[in-house]
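Here's a solo chain for you in structure tokens, the form predicted alone.
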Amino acid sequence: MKKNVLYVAIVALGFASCADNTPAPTPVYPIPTPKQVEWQKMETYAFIHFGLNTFNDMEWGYGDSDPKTFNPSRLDAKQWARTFVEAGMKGVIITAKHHDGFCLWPTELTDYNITHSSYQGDVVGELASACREYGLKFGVYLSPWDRNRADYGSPSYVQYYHAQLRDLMTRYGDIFEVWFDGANGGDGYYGGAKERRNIDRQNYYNFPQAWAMVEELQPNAICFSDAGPGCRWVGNEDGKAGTTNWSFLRADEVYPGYPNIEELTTGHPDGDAWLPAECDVSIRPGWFYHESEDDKVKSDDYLVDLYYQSVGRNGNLLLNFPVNKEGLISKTDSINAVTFHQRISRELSHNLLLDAKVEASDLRGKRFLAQLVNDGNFDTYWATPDEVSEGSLIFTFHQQQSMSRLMLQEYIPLGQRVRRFHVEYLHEGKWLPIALDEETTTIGYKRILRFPTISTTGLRVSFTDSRGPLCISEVAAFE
């Protein structure tokens, strides 16, 4: 196939309407909503677990801890926000109520809330204010399970739960994500008396009505659960997506508390709903603070690896920080998170393909938008003709270049397409495969490959199987 030679200033490859008015590729469904695209661009953000469990050395409280034990001595939500900004995070989600039922805001719906604690304040409100001051997006977690409520398992509790959700959606301004946890009393104890309640995990909470409420009151918010409808759980609490990671699921099959969690790690290749993966993990072994874990904070090396296995595999990374008994993010947690961000920023700072000559196997239309400005514009992409679902890009350097990272992005507003690709480098006049320790299947919003450093004058990316014409928005190589 004849190559089309292009000279580009950068490698955010772009297609625009051509002189012959060639239309853009037809979307390959499912496709994301605009707010799902903006959510994916956030890439990393923080989780906060803080509450009675913090002061009672527990993970899942029974709902019988004395509210007075909640007594932070130096609570400072601005310190949290500063940490997240310095760690390169774009937002934060707080556990406004965990499974024990204790509420971190002064709700009138229950006495089991912060007004009856030793701390007189509104933790949720203080964090929302700090987010506005520091330019972070704000989200909330509201556990559907509630071990403090005697009516848990009855219709009256569902009314209470939905009233709590409405309270949070109308108090604190714009919310970017609402977390709907699948945990519930069907799998364990509830209440201070440690009684059991069996519920219909799939239907009891009336999640569709709750999601509709969020859509009405917070139209820009993403709803998280195993089933979305905004984003899905990745199926583990290790912070790792599958090397194959489709951004969609079969919507009629999956629900909060879905048992086949291994499917959530890779998504459904034949899914009919756009539900990208969120990779949640705690910086410590536990989600809540425990003094015994002060020497078990994940290192910056570990966090860097997590980034490549989450954001680098078409997911978003949600990193949890257990706020300590003082009401602060501990020093080691903060330092490791900031160092992790600095290292990723350095590793992905200079695109070696900036001045490369580029050959494309096919172009859509007669002309190609060859000169682009590297302004982070995601809305430019290289596309192939309608009948062409495979192709290649060859990058040629004027001199030897050393590299050990390759980043690829698809233009996801038109769908996720690539099923398989492979990467080669030029060595003594021959194309050799780059040694990789993971399969090269899906790309999606972002795929980052790591490999032992190579030195080469040429790089070839071949897309060998796709769900339609290729739409590649960026290729970048780093050392």
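The numbering used is simple: start at 1 and walk along the sequence shown. The structure presented is a predicted model; accordingly, all values stated were derived computationally and were not measured.
A second form of this protein, the form predicted together with a small molecule, is not displayed here; the remarks below concern that form.
Listed residue that, although the small molecule is not shown, lies within 4.5 Å of it in the predicted bound form (heavy atoms), from 313, 232, 364, 99 | Result of the distance check: 99.
Selected contact from 207, 119, 141, 258, since only one has a non-hydrogen atom within 4.5 angstroms of the small molecule in the predicted bound form | So the residue touching the small molecule in the predicted bound form, by this definition, is 141.
Tell me, yes or no, whether residue 237 is in contact with the small molecule in the predicted bound form, where a contact means a heavy atom of each within 4.5 Å.
-> Result yes; residue 237 sits at the interface with the small molecule in the predicted bound form.
Does residue 347 reach the small molecule in the predicted bound form, with heavy atoms at most 4.5 Å apart?
-> Contact with the small molecule, no.
Residue 300 within 4.5 Å of the small molecule in the predicted bound form, heavy atoms = Residue 300: no, not in contact with the small molecule in the predicted bound form.
May I ask you to state whether residue 417 is within 4.5 Å of the small molecule in the predicted bound form, using heavy atom distances?
-> Taking the distances in the predicted bound form, the answer for residue 417 is no, it never comes within 4.5 Å of the small molecule.
Okay, which stretch from 425-433, 439-447, 41-49, 25-33 lines the small molecule in the predicted bound form, with non-hydrogen atoms inside 4.5 Å?
-> Going through the listed ranges, the match is 41-49.
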